[in-house]
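What follows is a single chain, given as structure tokens, in the form predicted alone.
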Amino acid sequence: MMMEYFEQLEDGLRKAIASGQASPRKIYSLEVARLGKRLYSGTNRVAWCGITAPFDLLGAMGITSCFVEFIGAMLASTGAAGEFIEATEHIGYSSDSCSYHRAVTGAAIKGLMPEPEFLIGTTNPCSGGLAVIENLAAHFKKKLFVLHVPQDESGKNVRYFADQLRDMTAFITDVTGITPDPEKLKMAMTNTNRTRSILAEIYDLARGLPSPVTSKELSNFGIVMALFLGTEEAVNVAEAYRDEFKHRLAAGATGRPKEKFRLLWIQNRIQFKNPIEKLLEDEFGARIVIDELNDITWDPIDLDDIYGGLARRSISIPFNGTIEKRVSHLRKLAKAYQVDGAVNPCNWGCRQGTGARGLIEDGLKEIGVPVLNLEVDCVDSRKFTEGQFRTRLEAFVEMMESRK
């Protein structure tokens, strides 16, 4: 099922691009499809990981790696997640737990998760994600290595985590027999740094007034691009976005004709098909110009201290550390992009999405940015009712209008 989906997706995108209908989003989506094919081909060495794993390091060792939530999101986008979520409910999983993780677990139960060669768990951004990795390791009877991500860079935390990454590399060598090639590793980090530099340009361009981006173009972008770091393909995707945004700004053309309100989207987007982004843009003139995870929070990787650089990168992500650090990051984005409001999809069962909503709302309110908290399951479309969300969006837009 999933292999067929990714094959058809790749074929359609490849033909569209070849026929002159290329766009940055299509080029990005093509790499998503190719990653899906590699995961499901049965011919690649696969590792299921936590979100903060060093995917460029794993790629340099010839491992196709991916965070498990990617599969939950893909199942949601195809409209198939409900069947797999139900499979977990039948064996006692709470319907209040994260549906990204229940969808992944259900896929494993039903034989839809490719068997990995090993697994890399991460203690950040959530304990639920680590629990899924542990369950998958038991399900497939494969070895697991857990990265304990420090909450900040104080004391000897960077050295501590860099040593863990070295131990992880030794673990992979023990499992697969593959030893890291220093030249391949340096090449991967060079590509990572090139991509990082271009991503910084993209986000800087997106701050323009009006912004050259549409609400859809950079959805889920920052978190998924991490899977492509270390490759030439990541550089190509980033260049396509940068060049298109430069072109639009030079031509005086933006993503959409209207930009009455500028919005910050907190955490991830809703993964199944829904009308929210179209409603915001077409009916209310409200454009999502920045997502929380579309930001560069780490310095270029020092090629003479690769493990130290990777450690700092993992520690730096906004979901790691205290909620005060995360709120500070959101406030920085809100000011830099001059947003009129923020939308927080409080994914059920998610401590990042729901647990911190009050503190995030208060923190943004202090700088004059109102927050719309949406009680929504971002993966399970069975609980979505368009009428209710339309009413909430209308009220939020009216409130922003009154502040103009």
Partner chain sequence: MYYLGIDIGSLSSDAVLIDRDETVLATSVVPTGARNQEAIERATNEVLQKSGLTKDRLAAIVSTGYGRNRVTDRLCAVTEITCHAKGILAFYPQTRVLIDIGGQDSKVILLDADGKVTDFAMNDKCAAGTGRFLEAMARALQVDIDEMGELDKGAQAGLTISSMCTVFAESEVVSLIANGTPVKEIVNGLNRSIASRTVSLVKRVASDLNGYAVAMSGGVARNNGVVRAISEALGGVSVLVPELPDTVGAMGAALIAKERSGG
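Residue numbers count along the first chain shown, from 1. Just so it is clear, the structure is predicted and the values come from calculations on it, not from any experiment.
Omitted from view is the form predicted in complex with the partner chain, to which the following refers.
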Would you classify residue 337 as touching the partner chain in the predicted bound form, given a 4.5 Å non-hydrogen atom cut-off? no
Look up in the predicted bound form whether residue 70 has a non-hydrogen atom within 4.5 angstroms of the partner chain, and give yes or no. no
Any of the heavy atoms of residue 40 lying within 4.5 Å of the partner chain in the predicted bound form? no
Looking at the partner-bound form in the predicted bound form, is residue 394 within 4.5 Å of the partner chain by any heavy atom? yes
Indicate whether the candidate residues 357, 361 and 365 are all in contact with the partner chain in the predicted bound form, with contact defined as any heavy atom within 4.5 Å. yes
Which among 367-375, 337-345, 23-31, 51-59 is in contact with the partner chain in the predicted bound form, heavy atoms within 4.5 angstroms? 367-375
With the partner left out here, which residues of 379-404 have a non-hydrogen atom within 4.5 Å of the partner chain in the predicted bound form? 388, 390, 391, 392, 394, 395, 396, 398, 399, 402, 403
